[in-house]
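What follows are structure tokens for two forms of the same protein chain, given separately as structure 1 and structure 2.
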Structure 1
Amino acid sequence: MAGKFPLPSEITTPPGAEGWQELYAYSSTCSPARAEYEDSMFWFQDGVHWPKPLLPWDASLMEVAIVALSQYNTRHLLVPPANGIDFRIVNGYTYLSPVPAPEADIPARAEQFMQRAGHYFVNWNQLYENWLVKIRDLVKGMEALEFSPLPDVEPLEVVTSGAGKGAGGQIQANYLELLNSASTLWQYHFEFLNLGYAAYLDFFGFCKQAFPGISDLAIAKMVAGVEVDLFRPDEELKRLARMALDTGVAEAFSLGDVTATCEALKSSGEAGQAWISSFEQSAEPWFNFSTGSGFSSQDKIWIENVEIPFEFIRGYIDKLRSGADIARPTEAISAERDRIVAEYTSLLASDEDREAFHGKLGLARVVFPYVENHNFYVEHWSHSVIWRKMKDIGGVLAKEGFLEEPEDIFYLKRHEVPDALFDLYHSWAAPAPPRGPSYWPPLVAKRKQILTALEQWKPTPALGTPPEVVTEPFTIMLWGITSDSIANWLGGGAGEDGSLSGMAASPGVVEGPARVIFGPDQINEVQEGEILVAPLTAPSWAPIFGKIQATVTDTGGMMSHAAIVCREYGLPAVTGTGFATSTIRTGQRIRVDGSNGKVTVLD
């Protein structure tokens, strides 16, 4: 493959971001000691999960996630060709590097993999049911962790019960428990995920062999589920919009302000009360839904920012009033799925092929509910709880002047939090003046400055020397990194005719005005009929998919969570263009060809 990317050792610090390495764990950044190794590897930037520079504490979730992935490939399942994924934070951005298994180990690994993975495939449904129990217990456990200001005096029963310990120690223990839970969460996540992808890939490979021209979309459609938990939050919004109309309280939403709407609902008698309690029922757990990938403490979560679901509900009420059908056409989706399967079946060459096709499709469908649904349970629901608990800790520290506001907690590294809590514990116990109030606020302020400077840096899509051909299955599946996309990055993005190429994630061709947005805060800028251009989209943006004509993203593969939602809404989508948000400007007319993965600026 011609051309190369800068080496990790060649990357310089953007002005104003000097000392950025201090924001992260020492092991997560590049260093001269490992430069030879780092420069010899190929690293790609993960903008799907971490489109912006990581906040110090947010890095913890990236680290536990990637390490859990690695652990399962390498130590639990022994995926024959693939070890784990190494990571580095470079100027605040996450770069990943697949570690291949040594060639010589592969035959032995294959044998172990068959036994270990085979156990999961054979017992999938039972294990998945058990997984749902485990994950709910884990969330419950995290919800129960209390982070309150330390009491002036321990309650009497602490003394009389003979507990022998108190709140100062407990808050430290609870924090460590929260960290442990995050680690457990991500181990659970990868207990199944790569196996799910492996079964999917097996079906995928069969289809490509039988039909070299088959589109990825056709394969995805055959496997995709009809009832998917990831769409449930959106379904709940639609249900609540219908309920508001049916019970005559919809008028409250025309006030356009959450407080006013709530007041109007409360004062509209039983119907309003019933609606509120129905909303609250939906909210737990379904509105633990992040407006981003779920990996950033800064992304908004519906349940804590009720104006977001309210605004979506208002939009649905308007649509229903105008006579639009907002119901998810589940029957049509499942009929289309059956049609596609039947047509490919009839085109296969032999009975053996048909048997193999149905066997592999069957397994892919068994594993796919996990692939589609885990995202809600892990990245949205569980992460929402983690972010909330962290803000509670931030609140405790802010109350004692350690932080200016609770959200500043995310500017601490994960191992700085116990230090701060110990300082608090000590000053509470003595009592004596803590050092925190003079130590943390200036440090947080400096880190905020550094992050602002890092945001100005445009991350290069990859570092190091690309492999001849990308063969690592999960890199392709999860991140959409292929030999083609690397060649595209090296070419600088735009083709000769000024067009961008990416993944043909959802078919169709449309032209329209672009709306470039960089994050969920700008969602409300999107107008009816525009084409959304964003670094990436999140499942929780679903309600605006009824407004837009098409979607273009910088990052993401065929199976990225964004691609799943695009297909669901039947909008043309081109993902993984690399450069859309830096090439296209709001208002420009663009043509999106979702069937061929091309985006052309027409102005």
Structure 2
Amino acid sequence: MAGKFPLPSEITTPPGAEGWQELYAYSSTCSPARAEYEDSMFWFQDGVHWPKPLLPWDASLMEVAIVALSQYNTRHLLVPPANGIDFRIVNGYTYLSPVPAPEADIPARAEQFMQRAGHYFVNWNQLYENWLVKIRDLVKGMEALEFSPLPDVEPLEVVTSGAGKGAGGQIQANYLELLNSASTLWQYHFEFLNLGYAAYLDFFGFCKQAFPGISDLAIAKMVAGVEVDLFRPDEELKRLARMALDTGVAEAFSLGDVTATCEALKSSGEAGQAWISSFEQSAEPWFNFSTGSGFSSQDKIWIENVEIPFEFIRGYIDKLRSGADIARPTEAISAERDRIVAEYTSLLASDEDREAFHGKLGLARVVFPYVENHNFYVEHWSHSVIWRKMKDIGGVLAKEGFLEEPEDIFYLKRHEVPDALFDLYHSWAAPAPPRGPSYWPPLVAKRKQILTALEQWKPTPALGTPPEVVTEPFTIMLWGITSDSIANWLGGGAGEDGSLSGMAASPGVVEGPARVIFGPDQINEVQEGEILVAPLTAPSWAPIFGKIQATVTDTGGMMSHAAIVCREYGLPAVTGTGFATSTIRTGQRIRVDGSNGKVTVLD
């Protein structure tokens, strides 16, 4: 492939961000000692999960996530062509580099992979049920961890029970348990995900060989129409909207303000109280839903910001009053899925081919729910608990003057938190003046200045020399990194006809006004009938899919969440365009061809 991106060693620090490397673990940044290796690799920026500069503690979840992915590829399953994913933080942004398995090792790895993956595929349903138990137990364990201010004197029962330990040591132990739980969480995450993708890719490869010329989209549509838990939060909003209308309390939502709405519901008698109780039942766990990817401590979570679900419920009430159907078009999607399957089945020449086709399709559909469901259980529910617990620790440290406010805890690195807690323990036990109040606030203030400077830097989409052909399957399916997308990046974006190219992620052709937004705080700007243009979308944006005609994103592949959600909501989508948000302006009329992956500015 002609052309290359800047080498990691050629990237310079933005003005005002000098010393940014100190915000992260030493092993996560580039260094002269590894420059030869780092410059020899091809790195792409992961804007799907980490579109902004990482806060120091937030980097912890990125690191354990990517390490767990690599661990399963390389040490557990021995995925034949692919080892793990290496990562570096460059000017605060996350860059990934697939590590291929040695060509000579592939035959032996394939034999072991079939044995190990085969066990999971044969026992998928039972193992998945076990997985749900494990993940719920892990969440329950994290919820039980307490981070309270240290007592002036230990309660008498601590002494008389013979426990032999106290609050100062326990708060440190609880933090380490939270950290270990986060690591376990991400190992659970990849216990199934790589296999889910592998099963889908096996079906994908079969289709490409059996049906030359079949589109990626047609293959994806054959596994669509499956009910998954990731859509449950949106379904709960719709249920609550219908309940408000059916029980005569919907008018309370016209007040807009959450406090006024709740007061109106409480004063409306049994119906209002019943609605509030039903909302609370939905909220735990379904509204542990981040407005972003789930990887940022700064994104809002529905259950902690009830104005967000209230606003979506009000929108659904308005739609129901206008006579609109707010249900997902599941029957139409299933009918189209079955039509495509029947069409391609008829093209196969033998019973043996048809049996193989339906066997691989069946497995792909069995694993598909996990491919989406994990996102709610891990990135949203579990991460919501982790963020809350970290804020509790921040509250303890802020009370003693170590931090200006609880949220400042995210400006400490994960291995700095035990240092701060030990300083607190030391001063509490002695008692003696802690150093923390003079040490951490100026350090946090400096780090905030550095991160502000890093946000002004526009990350290059990739680093290093791209491969001749991108073949690593996860890189293509999840992140949408293909030879074509790399060529687009090198070419600067729009084609000769002014169009943008990306993944044909969800079918259909529409024209309409664009609405360009860069984050969840701008969701309320989206108007009925517009086409959403964003760096990426999150599953929690689903309630606005009833307003828009189509979606265009800068990042994401065929199996990214944006692509899957759009297919399930019947919306045309083009993902992974690279430059949509920097090329298209709000108000411009655009045409989105989700069947061919083209976006054209018409004005």
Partner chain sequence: MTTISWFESYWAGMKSEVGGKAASLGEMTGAGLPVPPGFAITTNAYRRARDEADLDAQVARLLYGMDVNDTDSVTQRCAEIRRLIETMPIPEGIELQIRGAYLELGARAGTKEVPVAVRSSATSEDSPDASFAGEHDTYLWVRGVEDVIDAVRRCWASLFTDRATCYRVEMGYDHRSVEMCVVVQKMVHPKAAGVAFTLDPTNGDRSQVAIDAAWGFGEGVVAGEVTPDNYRVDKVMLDVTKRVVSSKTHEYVLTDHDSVEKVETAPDRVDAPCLTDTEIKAIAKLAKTAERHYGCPQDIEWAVDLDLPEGENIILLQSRPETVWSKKGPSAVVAPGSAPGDFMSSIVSTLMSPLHSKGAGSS
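Take the two forms, superpose them, and find the largest set of C-alpha atoms that agree within 1.5 Å; that set is the rigid core. All figures in this text were calculated on a predicted structure; none of them were measured in a lab. Residue indices: 1-based, along structure 1.
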For the form predicted alone, pick structure 2
Post core alignment: residue 329 C-alpha displaced by 2 Å or more between structure 1 and structure 2: yes
With a threshold of 2 Å on the C-alpha, tell me if residue 133 counts as moved between structure 1 and structure 2 once the core is superposed. no
* **Large Cα move at residue 144 between structure 1 and structure 2, threshold 2 Å, rigid core** => no
Expressed in angstrom, the C-alpha movement of residue 347 between structure 1 and structure 2 on a rigid core superposition is 2.6
